[in-house]
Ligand code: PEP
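Form predicted on its own, single chain, as structure tokens, below.
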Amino acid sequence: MNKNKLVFANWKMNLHSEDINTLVKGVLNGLNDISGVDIVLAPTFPYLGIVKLLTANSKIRLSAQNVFWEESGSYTGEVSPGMLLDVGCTWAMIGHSERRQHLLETNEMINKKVLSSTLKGLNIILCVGESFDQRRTKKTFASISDQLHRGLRGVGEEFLPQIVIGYEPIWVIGSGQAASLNDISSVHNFIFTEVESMFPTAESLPRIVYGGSVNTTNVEQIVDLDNVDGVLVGNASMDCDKFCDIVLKVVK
């Protein structure tokens, strides 16, 4: 089982080539020879090649923000797991709440992406989380359980080391305020127990990372919690100093 903490940078639909060039070079300088942590950068599709070239001689890994479940065919606008591997990706993000909300991705679609990506050899981060209404009506655990069971349906135990679960409470994303430590702890412990019950004989279970207004102030307390194996970083990952500080605090 991979014991390294994971810091996953989701740039969403932001940054152009000049900004990316400056940011990645700054991150490489700031995190020179760092060990004990897995760092993954997720730019938009047009800039995967640029980031791959910039990080070619480093330990930083490349992820797409999305993937399609078919390998080829008449699927205009989609990108297959094999294509991602071909341009240097070793990771794909699947089921981010913004895609669930704005692009109406279902758990069934997400499951197809998980199965096809892991079978092809990609590592994936499967995002789960509850909305404000689900939290208000005390349906957090029921909602996350449903997303886990549907998203991981049919996954063989041998593929679990390629999977990371990303918990992102939808009600805090973009708010600048992370969930409380008690909230994070209770949900991460629930996810761990739920996945353990789903795969009772597995030798290795997925790492679980937290995403939602992670910053330089709160990251140390978050990663010190049980069953928190790293962080999924949004806005702060596009600021070189903040991102480097987050990574350095994660490995302390």
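Residue numbers here begin at 1 and follow the sequence given. Just so you know, these numbers come straight off a predicted model, no measurement behind them.
The same protein has a further form, the form predicted in complex with this ligand, not shown here; the description that follows concerns it.
Novice: Name the stretch: of 57-65, 179-187, 33-41, 213-221, exactly one has residues whose heavy atoms fall within 4.5 Å of this ligand in the predicted complex.
Specialist: Heavy-atom contact with the partner occurs in 213-221.
Novice: Within a 4.5 Å heavy atom cut-off, is Lys242 in contact with this ligand in the predicted complex?
Specialist: Heavy-atom contact with this ligand at 4.5 Å: absent for Lys242.
Novice: Does this ligand come within 4.5 Å of any heavy atom of Lys25 in the predicted complex?
Specialist: Because no heavy atom of Lys25 falls inside 4.5 Å of this ligand in the predicted complex, the answer is no.
Novice: With the cut-off set at 4.5 Å between non-hydrogen atoms, does Val155 touch this ligand in the predicted complex?
Specialist: It does not: once this ligand is placed as it appears in the predicted complex, Val155 has no heavy atom within 4.5 Å of it.
Novice: Would Glu98 sit within 4.5 Å of this ligand in the predicted complex, counting heavy atoms only?
Specialist: Answer yes; at least one heavy atom of Glu98 falls within 4.5 Å of this ligand in the predicted complex.
Novice: Could you spot which one of Leu122, Ile144, Leu160, Val172 gets a heavy atom to within 4.5 Å of this ligand in the predicted complex?
Specialist: After the contact test, the surviving option is Val172.
Novice: Does any residue in 222-238 get within 4.5 Å of this ligand in the predicted complex, counting heavy atoms only, and if so which ones?
Specialist: Heavy-atom contacts within 4.5 Å come from Leu232, Val233, Gly234, Asn235.
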